[in-house]
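Single chain ahead, written as structure tokens, the form predicted alone.
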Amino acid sequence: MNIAGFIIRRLLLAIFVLLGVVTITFILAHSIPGNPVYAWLGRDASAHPALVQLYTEKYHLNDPLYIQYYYYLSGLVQGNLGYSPAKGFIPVTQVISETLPYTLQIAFFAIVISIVLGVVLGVLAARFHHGPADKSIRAFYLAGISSPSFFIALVLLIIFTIFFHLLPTGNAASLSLAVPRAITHIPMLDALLEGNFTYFFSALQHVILPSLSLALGTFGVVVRVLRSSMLDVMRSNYVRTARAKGLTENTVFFKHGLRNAMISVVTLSSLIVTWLITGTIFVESIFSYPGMGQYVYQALLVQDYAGILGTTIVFAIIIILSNLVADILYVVVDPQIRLG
């Protein structure tokens, strides 16, 4: 099976996965006793009877459940995720379109830091296994794995902001700077495209601590798995054959060992994306970063079920796409892997 056919097949399967997520969210919304519109609107429902009536009529809440499910799916297909009480009853789709780009900024840098740091330290730990470097790296990543992201965020905030005054405490950029014109709708990328380097470097300073907080909690998994895979590969028969041919140890280690061991890192990549995306809920709240994670936190506080359900669907789409990318990367790392 070629790559194009594999992608089409996985996308078709992803539709059923996403349909399952939507069905679960629908059931959860209707599992609360009484009119489900009160679950969607939260605590402010009693203060907006006209909006309650509008929801009841629009989503046919007085009709049988299967009819409600049909109209619920119809609304999702049209991009109608409801209105968000946490944001003054503006459409949830508008809130997500405004907050998701900031979350993607954090997630991108967190993924880069996590993978690069994990691969570098994993290679060093395997190259000098059982030595002082290996033991030091092990202690470092175990401390990161065992610490929740919000604790790491607070420690970094104290060190780099309160003590050394090196990095800002929060927000996506300096409040005195105007947001760049929306080209890709990702502010840092838009700043680069229009040559607004002042905003770009300000945004870069503001994104370091949130991204690092997420990365330090996940890179240890990459280190541990890569180190174990490297040691297993270096004991394999084809590595012994490479040594017998007279190749240097560095050539055997990096050319023959590392590439095969990297398959395990690719396997982890989709899981890392899941951890990082869900971790933004805590990190963005601590750093007052205006992303979707902070929006989820605000929605939880005011029982904004429309916002919670909408962001759940968006998170599910991101996770499905990350799994697809990870599967495709298998072939890049090792062309011998078949897509069938």
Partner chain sequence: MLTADRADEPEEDIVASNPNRSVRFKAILSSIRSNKGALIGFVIVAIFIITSIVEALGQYFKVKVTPYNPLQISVGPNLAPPSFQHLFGTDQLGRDVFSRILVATPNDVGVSLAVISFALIVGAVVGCYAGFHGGLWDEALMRITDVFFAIPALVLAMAIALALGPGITNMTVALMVIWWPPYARLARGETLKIAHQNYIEAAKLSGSGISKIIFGHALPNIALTLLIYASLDVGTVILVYAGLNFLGLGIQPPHPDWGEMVSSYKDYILTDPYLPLFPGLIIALGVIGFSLLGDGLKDTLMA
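Positions refer to the first chain, counted from 1. Everything numeric here is computed off the predicted structure, so don't read it as measured data.
The form predicted in complex with the partner chain exists for this protein as well; it is not shown, and the discussion that follows is about that form.
**Q** Does Val325 reach the partner chain in the model of the complex if we count a contact as any heavy atom within 4.5 Å?
**A** Result no; Val325 lies far from the partner chain in the model of the complex.
**Q** Considering only heavy atoms, tell me if Phe128 and the partner chain come within 4.5 Å of each other in the model of the complex.
**A** Result no; Phe128 lies far from the partner chain in the model of the complex.
**Q** Within a 4.5 Å heavy atom cut-off, is Ile277 in contact with the partner chain in the model of the complex?
**A** Within the cut-off, so yes.
**Q** Any of the heavy atoms of Val17 lying within 4.5 Å of the partner chain in the model of the complex?
**A** Although the partner chain is absent here, Val17 would touch it in the model of the complex, with heavy atoms inside 4.5 Å.
**Q** With the partner chain left out here, work out from 150-158, 120-128, 183-191, 78-86 which stretch has heavy atoms within 4.5 Å of it in the model of the complex.
**A** That would be 150-158.
**Q** Honest question, do Ser74, Ile96 and Tyr289 all end up within 4.5 Å of the partner chain in the model of the complex by heavy atom distance?
**A** No residue of the spot touches the partner chain in the model of the complex.
**Q** Find the only residue in Ala143, Val112, Ala178, Ala133 having a heavy atom within 4.5 Å of the partner chain in the model of the complex.
**A** So the residue touching the partner chain in the model of the complex, by this definition, is Ala143.
**Q** Using a 4.5 Å cut-off on heavy atoms, which residues of 216-236 contact the partner chain in the model of the complex?
**A** Going through 216-236 in order - heavy atoms within 4.5 Å of the partner chain in the model of the complex - there is one hit, Arg224.
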